[in-house]
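Laid out below as structure tokens are two forms of one and the same protein chain, each shown alone and named structure 1 and structure 2.
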Structure 1
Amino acid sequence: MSNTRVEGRTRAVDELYDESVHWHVNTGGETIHAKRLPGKWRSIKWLAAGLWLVFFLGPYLRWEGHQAVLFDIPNRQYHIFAVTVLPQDFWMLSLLLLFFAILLAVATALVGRVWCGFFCFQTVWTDVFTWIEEKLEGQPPQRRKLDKAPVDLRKAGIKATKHLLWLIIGFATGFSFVAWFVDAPSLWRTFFLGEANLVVYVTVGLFTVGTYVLAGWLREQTCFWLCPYARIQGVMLDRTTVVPTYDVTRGEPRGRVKKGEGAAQRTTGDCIDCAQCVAVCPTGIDIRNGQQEGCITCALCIDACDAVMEKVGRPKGLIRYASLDELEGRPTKRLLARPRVWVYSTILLAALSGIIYGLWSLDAIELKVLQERAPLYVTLSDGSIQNKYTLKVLNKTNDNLSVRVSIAGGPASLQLVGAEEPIRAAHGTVSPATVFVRIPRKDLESDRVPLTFHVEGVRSTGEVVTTKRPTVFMGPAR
């Protein structure tokens, strides 16, 4: 080891200690000014945050002349690319909710609060807000100094710029949110001409204020005190969950690096107590106290510690993604040997299959058959038995359709009355029609004859849309 390298290392360590007096654990009393350090996890965090660009840009995707994804609440139509989902198909929403709930559970069981640390809008927006803060106000010590400084023109200017930028982001958030629910291009026009719906303005306003307050002011306090998922996820962890962990056995007893002390004389562990892990923590906790409620598992302390370990020439990974089992030297189970993984995956798969089945079997038209119950059947003067059905045709296409009704099943002498003219089914609505089915009594083999109604319409494109619905023909007991 050359002298210059040792000197350089000593200086680096001194700087760390000079700085460390500023870092202590967040008890909620003051604003957390977390230090930003580059690193592997920092980069991954930006990539994960980048997924939220979909939220801002998604509404401008077009598909066959309409907005690709549009949740049209006033018209009760939900367009997702080629698929149009109506409230009648909303059972799929429950599966979607189940899917995401279990996804949260499975992800948390495997890799801890990965949602909180990398993907959650609270984390991402706060990250962006503090990034702006750093660009404008400087590193944490300067920020603290500025906070304490008396108001002058410079401070007012910086602060005003910051809050303005925050509000602009808040506004963009609200505006983008609304753009998923109304046609985006016309939103741009009507919003700024003052012609948009009051609900639109209120929503954008609430989102602007909400984003500004939550990401600008409340920050990690949201995760500590407001967010239920933070608490729920806490109990989803188990001994095998991989989370950012401080290796106690390697690190303790922590102790400052003594100048001129060689590796052989060292009585302390690998932790040099520089508090960099606390410095970078966006929620202001000390990971060395172990996994705790404040930890959103963002892994920024791993970056910080690895950088320090590199500087002092000790192996990296003092803080690393590890499970409690691994840390305590227990045998670690393979992923597929854990029952949790199987149970969660089965539920995930079931929900996913349900949704895929739902989307696959979405008919362009839907038929409901309501059988008259009073009376269930009547005898006609020619001796045949008549049943009355109300057909409800839901037309999910964008065309007005003429829907032809036919019937399958029953004896050859069956007569369908009232379906001579096609049902006129306006788009996006339910159109009712009453039809009668007559079967001569002598041909009735049972008091319950299964029948199937078929409906068929032709779209303006020439595409034939069809669906069917089974029902039963009731007759007198034999």
Structure 2
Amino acid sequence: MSNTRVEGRTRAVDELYDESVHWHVNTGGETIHAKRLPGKWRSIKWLAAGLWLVFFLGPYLRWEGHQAVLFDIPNRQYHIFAVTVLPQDFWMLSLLLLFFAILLAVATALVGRVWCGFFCFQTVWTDVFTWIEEKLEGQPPQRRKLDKAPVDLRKAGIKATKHLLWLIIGFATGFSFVAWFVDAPSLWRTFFLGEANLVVYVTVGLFTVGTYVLAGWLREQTCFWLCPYARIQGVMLDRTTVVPTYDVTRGEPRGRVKKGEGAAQRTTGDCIDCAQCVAVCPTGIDIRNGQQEGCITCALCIDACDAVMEKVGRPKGLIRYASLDELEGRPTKRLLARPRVWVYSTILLAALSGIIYGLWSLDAIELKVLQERAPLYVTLSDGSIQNKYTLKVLNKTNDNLSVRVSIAGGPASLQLVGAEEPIRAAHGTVSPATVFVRIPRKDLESDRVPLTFHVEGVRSTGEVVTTKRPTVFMGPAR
């Protein structure tokens, strides 16, 4: 290796050392100014954060003339594209919550706190806030210097601009949250004209302040002290969990790069103690000290370490995604050989199957048939046997329907009384109606005759919606 090349690497490492002296584990006494470096995991982190654009843009997606996804709590209707879910179908919500809870558990068991590092709203919003801070105030040394500088016109202008942008993002967050529960175009009009409900203003205000404080001021302290997931994730990991890990065997003992030293003369490990893994960590921990509560597995330390290893001519992967078994040279189990993977997968599949079945079996209208039990039947003056039924039609569409009732089964002499006019079924409500079924006694072949009620309506789009419900006709014992 040429002396020129060694000197170049030494200068690069010296620059890294000069910046790293400011870094140590933060316990809340100072603001962490994490360094930003390009790399594979940084790109993945931005892509994952981009999924939150759905949160901001989703309420403006239209479907058949209305908001595609709208959780209309006052009217107890939850519209998801062509499907309207009412409180009667909320058993699916339990399965949905179970699905995501188990998904989070299995992700943690396999790859650590990947949710925290790449998808959590606290992590994403903090990353955006600190990105704005970097654009306005500069790199970490410049930001630390600005924090310590006396207040002047320049500092006040920079800080005011930063906090204003933070508040705008906080407001956009609160406004977008409310837009999932109120028709978004109408919300823009009513909110800024002062015509919105008080709950809307309070909710937007709370989200604005909460986002501003949590992502702008508390930052990693939220993960350390407020988030319960940081407390319980430790028991969800095992020796096979793959997380960002420092290879102690390869890295120790640490030592700086010495001028003119070749690989044969080197007496230290691959870690040059530059502390760049600490400098880029958003929670300020040192990954070389092992797994810690503050590690959110964002993998930014891997990008930083790989960049340094490339500069000093050493193999990448000193910090990498690896399991404890792998680092200790033990045999690693394949994914499908782990019992917990099968247990988690079974629960996930059961919950997902239930959700799919529920959505697939949802009818646009539902019918319940309640048969009069006291008395079961009455005998009319002409000898006919009559049963009384209460029909309850649940209209899940967005239209008010005129629903016609018909009946199938029984003898040809059967009469349906009380259903001559259609039932007015308002959308999102249950509309009751009372009908009578009469059968001449001579035509009754049994004391229990199977019947099926049918209801049918036509939506404003011309779509015919229908459903049915079986019941029985009760007569005297034969």
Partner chain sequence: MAEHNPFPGENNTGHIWDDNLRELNNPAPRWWMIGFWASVLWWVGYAVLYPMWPIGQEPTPGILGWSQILEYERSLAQVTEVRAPFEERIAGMTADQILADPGLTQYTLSSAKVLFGDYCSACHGSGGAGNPGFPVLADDDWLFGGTTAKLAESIANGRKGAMTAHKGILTDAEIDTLAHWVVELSEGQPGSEQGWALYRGKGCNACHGEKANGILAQLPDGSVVTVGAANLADGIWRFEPGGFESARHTIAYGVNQPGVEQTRDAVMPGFAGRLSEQDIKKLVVYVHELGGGK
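Fair warning: this is a prediction, and the values are worked out from it, not measured in the lab. Residue numbering: structure 1 sequence, from 1. If you superpose the two forms and keep the largest set of C-alpha atoms that fall within 1.5 Å, you have the rigid core.
The chain appears twice here, and it is structure 2 that represents the form predicted alone. Superposed on the core, the two forms differ at Y377: its CA moves 2 Å or more between structure 1 and structure 2. Once both forms are fitted on their core, the CA shift for W41 between structure 1 and structure 2 remains under 2 Å.
After fitting the larger rigid piece on its C-alpha atoms, the remaining smaller piece is found rotated by 16 degrees between structure 1 and structure 2. Here the two forms are laid over each other by their core, and the C-alpha of I407 is off by 6.8 Å between structure 1 and structure 2.
For V465, the Cα shift between structure 1 and structure 2 is 3.9 Å when the rigid core is held fixed in the overlay.
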